[in-house]
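Form predicted alone, single chain, as C-alpha cells, below.
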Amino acid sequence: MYVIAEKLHQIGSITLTHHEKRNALSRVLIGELMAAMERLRAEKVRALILTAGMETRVWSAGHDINELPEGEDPLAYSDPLEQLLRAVRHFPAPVIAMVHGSVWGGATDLVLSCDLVIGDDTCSFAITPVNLGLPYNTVGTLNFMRRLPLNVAKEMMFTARPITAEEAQRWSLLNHLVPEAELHAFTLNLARGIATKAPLAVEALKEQLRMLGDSAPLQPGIFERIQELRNNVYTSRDYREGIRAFKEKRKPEFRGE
C-alpha cells in the first residue's frame, strides 16, 4: 500500500506512504492515489488534503525515472502522471497540498495543480527536467507559467535549483508558510472552513476558475512548433544519456546532441 486515504467528517485526506522510494510517482502509486480520490469523490468530501505526512524529508521525488521511456514522448497525454494532474484539477472539491519536505520534478507540477498549497519551513520545490535532458510537456510548462512569475519559472527550469520555503512564499507558490509544528492543524482548520461553505457554490467556482484559466488557446502553428522542439529533445542522445546516468547514479555528460 503506497497511500492511505481517510475521511474525517466532510474532509478527505490522502497520505503518500512509499517513503522507501521517496514517494516517487510510479504507475502503482498513482493508481492507488487516483483510486483513493475516486472513493473520496463518491463520498462527497468537501475538501481534500494531499500530504506525505510529517515523518519524511522528501514529500515526493517526482516522476519515477525508471518508468520514463526512451525514444518517445515521455510525458504523453496518457502518461499516468498526466492523468493524475488532470484528476486533481477536475476533482470537485478544493484540493489542498500540505507540504513538509522537498518536492522534485513532476511532484512540483502535482503540488501546483492543487488549489491551495500550505508549507512549513522544511519545504522546497524544484523543476528538474534539464537534469535529465527531459522535454517537459506544454501543459506542465503552462502550469508553471500561470503559477509563477515568468522570470522565476525560467530560473527554476533553466537551473533546476530548489527554491526555499521563503522564496516559495515570496513568489506566491505557497498560500501560507507556517511553522512545522503548526502545519497539520493549520491545514486541517483551513479545510474545515471550506467544508462549512455551500458545496455546490464551491464546486462551481473551482470549475469556473479552472476553465477560465485554461481558456487561452494555442494557435495550431505554435502547438506544432512546440511538438517539434520536444521531439528533437526526447529523440536526442542527451535524453538517453540523462536517463542512463540517473539509473547508473553518475553525473550525465550532455553534448547538445
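Fair warning: this is a prediction, and the values are worked out from it, not measured in the lab. One-based numbering along the sequence shown.
If you look for the form predicted in complex with a small molecule, you will not find it shown, but the lines that follow are about it.
* Asked: Would Thr196 show up as a contact with the small molecule in the predicted complex if we use heavy atoms at 4.5 Å?
  -> So Thr196 does not count as contacting the small molecule.
* Touches the small molecule in the predicted complex: Glu20 (any heavy atom, 4.5 Å) -> Yes, Glu20 lies within 4.5 Å of the small molecule in the predicted complex.
* Does the small molecule come within 4.5 Å of any heavy atom of Pro129 in the predicted complex? -> Yes - in the predicted complex, heavy atoms of Pro129 and the small molecule come within 4.5 Å of each other.
* Indicate whether Phe125 is a 4.5 Å heavy atom neighbour of the small molecule in the predicted complex. => No, no contact at 4.5 Å.
* To do: Given that the partner is absent here, state which listed stretch (133 to 141, 112 to 120, 93 to 101, 170 to 178) has heavy atoms within 4.5 Å of the small molecule in the predicted complex.
  => So the stretch in question is 133 to 141.
* Taking the small molecule in the predicted complex as the reference, which of Arg27, Arg225, Arg39, Arg57 has a non-hydrogen atom within 4.5 Å? -> Of the listed residues, the single hit is Arg57.
* **The single option of Ala61, Met34, Val202, Leu188 touching the small molecule in the predicted complex, heavy atom within 4.5 Å** => After the contact test, the surviving option is Ala61.
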